[in-house]
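Next comes just one chain, in structure tokens: the form predicted on its own.
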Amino acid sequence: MDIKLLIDEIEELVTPVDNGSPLSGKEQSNVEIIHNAAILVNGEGKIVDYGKRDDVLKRYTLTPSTYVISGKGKTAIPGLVDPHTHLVYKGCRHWELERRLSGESYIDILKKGGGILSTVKNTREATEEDLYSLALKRLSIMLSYGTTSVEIKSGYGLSVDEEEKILRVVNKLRNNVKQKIARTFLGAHAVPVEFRDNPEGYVNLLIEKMLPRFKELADYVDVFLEDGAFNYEQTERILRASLSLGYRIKLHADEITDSKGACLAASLGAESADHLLYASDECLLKMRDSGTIGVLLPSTAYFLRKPFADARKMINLGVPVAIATDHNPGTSPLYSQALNMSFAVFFMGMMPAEALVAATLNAAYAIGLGKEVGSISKGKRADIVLLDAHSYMHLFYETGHNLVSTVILGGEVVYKRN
């Protein structure tokens, strides 16, 4: 067998134990830890074997063409997966931060020209080339923090042409970068100003025009179910229409109030319900039974100084939990899943192994990529991150310090610090 790459003498290899489905309950902490390990990758960029170095190497004959990366003093983990981002936008909202810290409400900021609609205005005015360049830079930053797969939502266009423009950018990124990208249509992010007095008209536009038109441009449809965005009935209509067209679905659920979004997500078989700060136990149990993944966004709670979602409770109830950065210009301008993992451990009651699973395997399943990435497993794509640390625990022990030394995507070194 042709071995293209050997990652040799890895001090610690840590990976979720992949049983073919998201990990939940007690199994969410099920990780394999191997010391003095090696990983072999073939010419197709797939993992051929991994394990104890001596055991792996005696099973294969290497050739002079095999590229060798030293793992001495390093920890190998699967590439991190970010299952909830809003990466395609123009403009920032830094000026809102001090106002928010001074106690101004979102509504007050919105009246002064801020909030999501200010991002919509800037994004509508941007060219497709500008948006592509900005998003490409953001993906590059994420790569330097070890993120190898990303979900990207639209949602800052809020019209047929502008949402299509954003989705074209997402597809161009997908075709031109090595990171895996899942595409989500989030036209139901907010009601645009031109439909302020006719939200039902906008819902009809979404269902009748946008959903059929974007079928080849998106994998998922997402809706922001909340007071001030879309109500339960509108959300259900949009999601049912999406399912009828063959989309997979997601849901912004129970972020500000208990809107029963988690229950709706479970009843419709959504791949994930995201945020879940105020989800009831009743709805969480329905998510557990439906297999809907809870995608938690600790960095958003941190940035907005909100209560954190109760990850400990969700794991104890048996809900498979993932975490994401929610990268966006207003409520979470964060790039690092590693920092997000620390937030999950220190503020949400997760243990380090649970947080690693949440940011790799479970995150991959939350965006339909669990069979391809999210763990160091035979046959999976060789998306691997080497940390400049002798244990993955340093991700939490050295919170805020970027430990990523090398990023490998599909068996190719795509990032190396310095």
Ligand code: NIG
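Residues carry their position along the shown sequence, with the first being 1. Quick caveat, the model's predicted, so the values are computed rather than measured.
Keep in mind that the form predicted together with this ligand is not shown, yet the notes after this line are about it.
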property	result
Contacting member of 329, 318, 291, 199, with respect to this ligand in the predicted complex [4.5 Å, heavy atom]	329
4.5 Å heavy atom contact, residue 195 and this ligand in the predicted complex	no
Heavy atom of residue 255 within 4.5 Å of this ligand in the predicted complex	yes
Contact label in the predicted complex: residue 75 to this ligand, heavy atom within 4.5 Å	no
Any non-hydrogen atom of residue 178 within 4.5 angstroms of this ligand in the predicted complex	no
Which of 334-342, 122-130, 261-269, 86-94 sits within 4.5 Å of this ligand in the predicted complex, heavy atom basis	86-94
Triple contact flag 145, 387 and 394 to this ligand in the predicted complex, non-hydrogen atom at 4.5 angstroms	no
Sequence-ordered residues of 212-251 touching this ligand in the predicted complex, heavy atom within 4.5 Å	224
